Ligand code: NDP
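Only one chain is included here, represented as structure tokens and corresponding to the form predicted alone.
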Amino acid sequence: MSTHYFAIFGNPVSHSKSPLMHNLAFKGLGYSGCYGRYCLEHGEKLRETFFTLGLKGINITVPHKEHAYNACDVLDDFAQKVGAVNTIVEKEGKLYGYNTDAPGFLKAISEFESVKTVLFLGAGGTAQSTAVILKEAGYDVTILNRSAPRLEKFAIEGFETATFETFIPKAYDLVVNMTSAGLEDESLPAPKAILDKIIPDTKACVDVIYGKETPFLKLAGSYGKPTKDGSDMLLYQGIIAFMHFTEHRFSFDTVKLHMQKAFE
């Protein structure tokens, strides 16, 4: 059986846990696959690079999710709706695009009880896809972002939006950092003055960054709030991506059994 090759494309990408997750699952399930990482500097070369490397599938992380969307020949309904792709699979020379971030996030926050209202800090590609799936699942989502232009698409789709200057604080069940603030520095995703007004009234705080206690989560912890980093979201989106990579021959729980060892 020939080996299929997979990778994660991003910049930076050296910190990614995806290769460990997928290779543990390939080995544990006896599937002939190998998963690596590729630092892609120019997103417009994503498609060309994919075929040059002879890959069967990729995951895409920041900052190339919109380039990934444009590189695909075929998009599934949800990826088409949200305009963001983080998983691509090659089938008979065509690139098929999927979004596994949003369903992964939905599954991760479903573990919090009685959450109805959600505030997103940031308006990038992950926020875009996740806001749509949460809205469809019955959550009330507000988007807070530094600048106004990125908020236009959310406003058109019926989301409540605000910039740091126009934001009027109120109580939210869940506050989520959807930015990379705190990944490689000590920055916060919004001015501390705003966070100090909303965190005391929230039930829990989530950060999509994984593997470290970000300044945002530290601040939430100082208020005694339950917190969750992006590890569950990463795991769940990875499982769904793996199922696409392997043509759904394995169940979610079967893949999880092997992939979750990357977090132990």
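Only a predicted model underlies this, so the values are computations on that prediction, with no experimental measurement involved. From 1 onward, residues are counted along the sequence shown.
Not on display, but discussed next: the form predicted in complex with the ligand.
Chemist: Which pick from L183, A162, V74, I194 sits with a heavy atom within 4.5 Å of the ligand in the predicted bound form?
Modeler: After the contact test, the surviving option is L183.
Chemist: Counting non-hydrogen atoms within 4.5 angstroms of the ligand in the predicted bound form, say which of A68, I239, A220, V208 makes the cut.
Modeler: In short, V208.
Chemist: Heavy atoms within 4.5 Å of the ligand in the predicted bound form: which of the stretches 195 to 203, 49 to 57, 35 to 43, 228 to 236 has them?
Modeler: Selected range: 228 to 236.
Chemist: Please determine whether T166 contacts the ligand in the predicted bound form, using a 4.5 Å cut-off between heavy atoms.
Modeler: No, no contact at 4.5 Å.
Chemist: Can you work out whether K81 and the ligand are in contact in the predicted bound form, taking contact to mean some heavy atom pair no more than 4.5 Å apart?
Modeler: Contact with the ligand, no.
Chemist: Just checking whether G97 would be counted as a contact of the ligand in the predicted bound form - the rule being heavy atoms within 4.5 angstroms.
Modeler: Because no heavy atom of G97 falls inside 4.5 Å of the ligand in the predicted bound form, the answer is no.
Chemist: Quick one: does M178 come within 4.5 Å of the ligand in the predicted bound form, counting heavy atoms only?
Modeler: Residue-level check for M178: yes, a contact with the ligand.
Chemist: Scan 183 to 199 and write down, in order along the chain, each residue with a heavy atom lying within 4.5 Å of the ligand in the predicted bound form.
Modeler: Heavy-atom contacts to the ligand in the predicted bound form: L183, S187, L188, P189.
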